[in-house]
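Single chain ahead, written as structure tokens, the form predicted on its own.
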Amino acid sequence: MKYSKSIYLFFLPGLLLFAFFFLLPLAQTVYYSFTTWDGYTGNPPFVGIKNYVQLITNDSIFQQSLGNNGKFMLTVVILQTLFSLILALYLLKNNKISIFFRALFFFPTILSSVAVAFLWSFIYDPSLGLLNQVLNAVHLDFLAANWIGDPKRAIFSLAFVQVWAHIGQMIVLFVAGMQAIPAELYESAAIEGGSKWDIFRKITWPLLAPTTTIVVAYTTIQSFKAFDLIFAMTRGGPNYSTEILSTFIYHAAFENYQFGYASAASVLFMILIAILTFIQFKLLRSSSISY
């Protein structure tokens, strides 16, 4: 079947929007990353790769932000993927109880990140917070802590909130992935006497690889974009212990007026996400099989 060349005109509006809202800002960001633009100057001085060299070799806050982002991302990706997979296994059936709990776990997803941040700020309050009061009530007061005021545990406390807020989305994805697996495979495995663990290991997990790829990639990108949650709860403190790349870029651009420097950090941020996503796709795709 031959298509008229005029059909390509239908792509034009989408391409123009993509170029205007994505490619043009991207090109501007890359350009400003080679300057010392302060947000006001018309012709900012060109400094080459100086911003990149400064960020990578001589900016301890940027390096700490990178480390914090790594801790936050690993905690969120591991816990969110693991717990959502386990819960999806138990909530797979479409009965009333499973549907109720799926909706319950999904509920935090519809809340704004700022609302979630304020809710958990009250829960984490060291004096009046619900978490410490519950721990004291069950005689586990030795576990009570200043959850977001202690630099050693603040980033992990925030990561737990991120998991709580978005685990419902991942449960829905895993349930959809499991329900798409042909029932005949499970029936054949049951007839051959396969244990539940064997069935999961040899059927469910390999055939869930495409879904797991999406979950892990989405969770990774989501953890890098947790700006609103972290900014509302700690603003990157205490002592930069919860400063991640997105809050670092915000502080550099909108508080210190170093837009050129922040643009260089943004470019590095984008490259980092692209590399991590590419590696995840390669690793998880290699584990997928088909029957």
Partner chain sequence: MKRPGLVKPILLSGYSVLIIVPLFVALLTSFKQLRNVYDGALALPEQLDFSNFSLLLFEKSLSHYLVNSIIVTAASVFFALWFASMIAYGITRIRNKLGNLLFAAFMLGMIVPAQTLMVPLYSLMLKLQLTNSLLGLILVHIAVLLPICVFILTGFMKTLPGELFEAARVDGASEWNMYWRITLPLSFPSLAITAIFSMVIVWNDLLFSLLFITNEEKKTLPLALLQFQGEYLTNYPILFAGVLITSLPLIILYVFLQRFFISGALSGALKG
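Treat the numbers as computed from the prediction; the structure is a model and nothing was measured. Residue numbers count along the first chain shown, from 1. The term rigid core refers to the most C-alpha atoms you can superpose between the two forms while keeping them within 1.5 Å.
From this point on, the text means the form predicted in complex with the partner chain, which you will not see here.
*Asks:* Check for me whether the partner chain, as it appears in the model of the complex, comes within 4.5 angstroms of all of 109, 262 and 277 - heavy atoms only.
*Replies:* Each of the three qualifies.
*Asks:* With the partner left out of view, is residue 273 within 4.5 angstroms of the partner chain in the model of the complex by any non-hydrogen atom?
*Replies:* Residue-level check for residue 273: yes, a contact with the partner chain.
*Asks:* So in the model of the complex, does residue 160 come within 4.5 Å of the partner chain, heavy atom to heavy atom?
*Replies:* Although the partner chain is absent here, residue 160 would touch it in the model of the complex, with heavy atoms inside 4.5 Å.
*Asks:* Applying a 4.5 Å heavy atom distance criterion, does residue 122 contact the partner chain in the model of the complex?
*Replies:* Residue 122: contacts the partner chain in the model of the complex.
*Asks:* Could you tell me if residue 204 has a non-hydrogen atom within 4.5 Å of the partner chain in the model of the complex?
*Replies:* Close contact is absent here: in the model of the complex, residue 204 is far from the partner chain, nothing within 4.5 Å, heavy atoms only.
*Asks:* Heavy atoms within 4.5 Å of the partner chain in the model of the complex: which of the stretches 181-189, 149-157, 214-222, 67-75 has them?
*Replies:* Comparing against the partner chain in the model of the complex, the contact stretch is 214-222.
*Asks:* Which pick from 29, 256, 63, 54 sits with a heavy atom within 4.5 Å of the partner chain in the model of the complex?
*Replies:* Contact check passes for 29.
*Asks:* Can you tell me which residues in 16-37 come within 4.5 angstroms of the partner chain in the model of the complex, by heavy atoms?
*Replies:* 17, 18, 20, 21, 22, 23, 24, 25, 26, 28, 29, 32, 37, in sequence order.
*Asks:* Taking the rigid core as the superposition reference, indicate whether the CA of residue 23 shifts 2 angstroms or more between this form and the one not shown.
*Replies:* It does, since the residue 23 C-alpha is displaced 2 Å or more between this form and the one not shown after the core fit.
*Asks:* Aligning on the rigid core, do we see the C-alpha of residue 271 shift 2 angstroms or more between this form and the one not shown?
*Replies:* It does not, since the residue 271 C-alpha is displaced less than 2 Å between this form and the one not shown after the core fit.
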